[in-house]
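Only one chain is given next, in structure tokens, and it is the form predicted alone.
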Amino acid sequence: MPSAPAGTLYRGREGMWSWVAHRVTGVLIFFFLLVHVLDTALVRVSPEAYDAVIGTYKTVVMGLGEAGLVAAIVFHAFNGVRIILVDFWAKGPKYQRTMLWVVVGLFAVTMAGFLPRHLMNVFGGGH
């Protein structure tokens, strides 16, 4: 197999897509935190406005958004550990693909544990 040109090791492969997903989840988590700080700050400005905003969060759409947020955080956390290992463990680059599949497996197991209970609450079955 011919070697890839310099700088193209990840292009179009799992490494590239995990890199993209890590950046996307990081940006999504940042925007959630920004909105969370702003809506929490409302309590000091107007408790009524705060209650109104919090009331809008009790919808199915927001419940699904919470599931997406948890998915982003879980992937970002597990993939972050993988990135640390790739960067700082001498054998990390050799096992980066295997570690990505471990991340995917841990993500699937974690979400399988979280989603059923959360979705029961979102759709009214968890009372």
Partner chain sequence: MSTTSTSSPLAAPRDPYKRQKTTRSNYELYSWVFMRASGVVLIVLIFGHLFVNLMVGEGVHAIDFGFVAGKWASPFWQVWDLLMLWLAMIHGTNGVRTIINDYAQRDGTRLVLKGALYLAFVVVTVLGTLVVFTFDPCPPNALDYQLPSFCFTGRP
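In this text the structure is predicted, and so the values were computed from the model without any measurement. Positions refer to the first chain, counted from 1.
Another form exists, predicted in complex with the partner chain; not displayed. Remarks below refer to it.
A residue is said to contact a partner when one of its heavy atoms sits within 4.5 Å of a partner heavy atom; R117 meets this definition for the partner chain in the predicted bound form. Shown alone here, L64 lies farther than 4.5 Å from the partner chain in the predicted bound form, counting heavy atoms only. Using a 4.5 angstroms threshold between heavy atoms, R23 counts as touching the partner chain in the predicted bound form. Shown alone here, L100 lies farther than 4.5 Å from the partner chain in the predicted bound form, counting heavy atoms only. In the predicted bound form, R23, V27, F30, L33, L34, H36, V37, L38, T40, A41, V43, R44, V45, S46, P47, E48, Y50 are the residues of 22-50 with at least one heavy atom within 4.5 Å of the partner chain, listed from first to last.
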